[in-house]
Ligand code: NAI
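This document starts with one chain, in the form predicted alone, laid out as structure tokens.
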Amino acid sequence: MYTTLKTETSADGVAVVTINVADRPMNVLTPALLADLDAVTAALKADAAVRGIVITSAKSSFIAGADLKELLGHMERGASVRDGFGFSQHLTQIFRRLETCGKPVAAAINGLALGGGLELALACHRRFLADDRKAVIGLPEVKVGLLPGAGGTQRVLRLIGLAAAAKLITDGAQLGPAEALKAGLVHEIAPAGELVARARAWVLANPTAAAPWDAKGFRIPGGASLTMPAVNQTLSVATALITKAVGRRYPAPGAILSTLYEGGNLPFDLALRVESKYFGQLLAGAVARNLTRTLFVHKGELDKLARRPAGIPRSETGPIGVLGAGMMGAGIAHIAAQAGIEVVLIDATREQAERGKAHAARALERDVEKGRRDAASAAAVLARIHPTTDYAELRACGLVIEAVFEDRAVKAEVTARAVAAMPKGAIFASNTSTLPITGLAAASPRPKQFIGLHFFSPVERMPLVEVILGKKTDEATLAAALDFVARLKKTPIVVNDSRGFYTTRVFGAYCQEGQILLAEGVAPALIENAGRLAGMPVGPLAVTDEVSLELQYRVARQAAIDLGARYEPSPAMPVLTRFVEDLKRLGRKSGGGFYDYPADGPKQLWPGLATEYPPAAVQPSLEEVQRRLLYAQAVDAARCFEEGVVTTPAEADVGSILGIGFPAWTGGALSYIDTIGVAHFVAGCNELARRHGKRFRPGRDLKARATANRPFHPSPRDGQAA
């Protein structure tokens, strides 16, 4: 009768409703499940033999939330505010009919319950949560630019009060069993095997149970009126904190606060309509579409290895080797050991190799101190890292990753030594961030088994790996590399060989534009603030200091040597040359670059900038500087796509956000172009090129897209390919 759930009513009159969306690894709120839930609610309500209802799941999780692909479909088809309101109200009324069916309803939450899954549980009168660390609950909708649209804001508000609800929902936090119980979102925690029995017993013992907000005289804990000083302070502080954390580019946190305040001053059913109103506004906006498409749908596909060649068996590389025990090599060794992989960590001296292992030891100690792992687990991870100077120890390694200094000769030397010791079927990978893979592969007698694996610093925290194909890299090598990245729980993008590949090239455009602005006399503070307020993690001058001016200078010099007469220096090169050759200010590691780094305080812009590059009398607007910083990156991302360096818009967008911090609200560098409108973006590029240089000129593909009104991410109604 039902395709997504089954009901069993025992002799004592308790109906157990078990959810099982058969074609999904985890239950999600599909249209079929919602229809079945509504139908079974009506049937059980009408059945006089049913005394109460218990809702649980046949899977190891309860419900993971809404079907994001379905939501994205609504957004890409141009859902209006009215459409979003209707979508929210549909879910809300289904849950409300369950909540007011006149019979006690308990949720036996046997695993993860997020978003709409928790909202369903909140519509039940009693919540029992499995005492299992995987049984987390939360309302993470803010992370896709939305708010809980099935009653979540109003039920959480009425359960735990305004301040706690605002923090929980605007953070999108996930709570484990003990936290959920302490917060007041669940009533009991119990072993998973006892949940249904306890829920049944409670249902039988509470035949007249109802939601507390449906009782006469109910009051929200702590109140919600602005006439109350505590409420006023909560909203003021929350607004300030949100603005500081995410700026004004993300509308969801502010909408959540408005929903909580407005809804908290209305009867419950009217409050649910307020929630749907704000949900509709967010669903119809570009930010929710961009976040959902890039960071959840497309990232999810890449995490499942969408670019892996078909027909090649999954591989286990066995032990791996890491050449170079500096910051990058040590980080790679650490995360590989955490994934259960034995690591041979090689450096020029035993002392240097041991320092690399010590890096992992310090990180593991911090994990133990913060309760993220126990001492025995940390010791097991550390024991998998074997520091040495002996290349012969690579004889059992199925993969060796080179992470030495960004110098072609040094890389060639360690490559030759490693390949001579490795098994014949093993793969060699370079962690280079700039040097073309095809050229580096010349040092190996097996170029088909040579690939780039570009990790980002700090390796432990950065989620992206850029997988770079040389001209001779074969499909088996690509498949094995992607399998390895998946074991590390990183997100891979696959790109073709090029100087700087994709992420370094686009990142370089950001840094260089900051330096060009500086040379033009734009105030350094304006440059930095513009970058941050646009949504970049840090300003272009600060991030250049972090990666080092010297490194960027050396990369440019290497390009000049490699390209000869074809080399065209960036307009930023005079700034780099001045700082590296004359001022000897090489970046943070050398003690100073664009910033000073005092030992007793925070970094500060170097006062000498005013002498080297005096600020112009007339400064550009904040918006103009932001536009230049973002357009410089986006137009280069489009060139990379046109040149075939990156081959899918999804990888271009995911890579730009996860790899270089392109503002997430845009959906990524190519999605940013779509959001502006391709024709409008091209017109803006032409104007910037006229005023500031040919680096802003749009390529032929961009111009053709503008003429044909063909975005990188066509909506289903467009029926066009990217």
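Start at 1 with the first residue shown and count on from there. As the structure is a prediction and not an experimental result, all values here were calculated from the model.
There is another form of the same protein, the form predicted together with the named molecule; it is not shown, and what comes next is about it.
- Only one of the listed residues (457, 233, 377, 93) places a non-hydrogen atom within 4.5 angstroms of the named molecule in the predicted complex, and that residue is 457.
- The contact with the named molecule in the predicted complex, taken as any heavy atom within 4.5 Å, belongs to 325 out of 129, 150, 652, 325.
- Screening 333-341, 283-291, 429-437, 558-566 for residues having heavy atoms within 4.5 Å of the named molecule in the predicted complex returns a single hit, 429-437.
- Proximity of residue 137 to the named molecule in the predicted complex falls outside the 4.5 Å heavy atom cutoff.
- For residue 405, a non-hydrogen atom is located within 4.5 Å of the named molecule in the predicted complex, even though that partner is not displayed.
- The named molecule is not drawn, but in the predicted complex it has a heavy atom within 4.5 Å of residue 352.
- Residue 347 belongs to the set of residues with a heavy atom inside 4.5 Å of the named molecule in the predicted complex.
- Residues 391, 403, 404, 405, 406, 410, 411, 413, 414 of 387-415 are found to place at least one heavy atom within 4.5 Å of the named molecule in the predicted complex.
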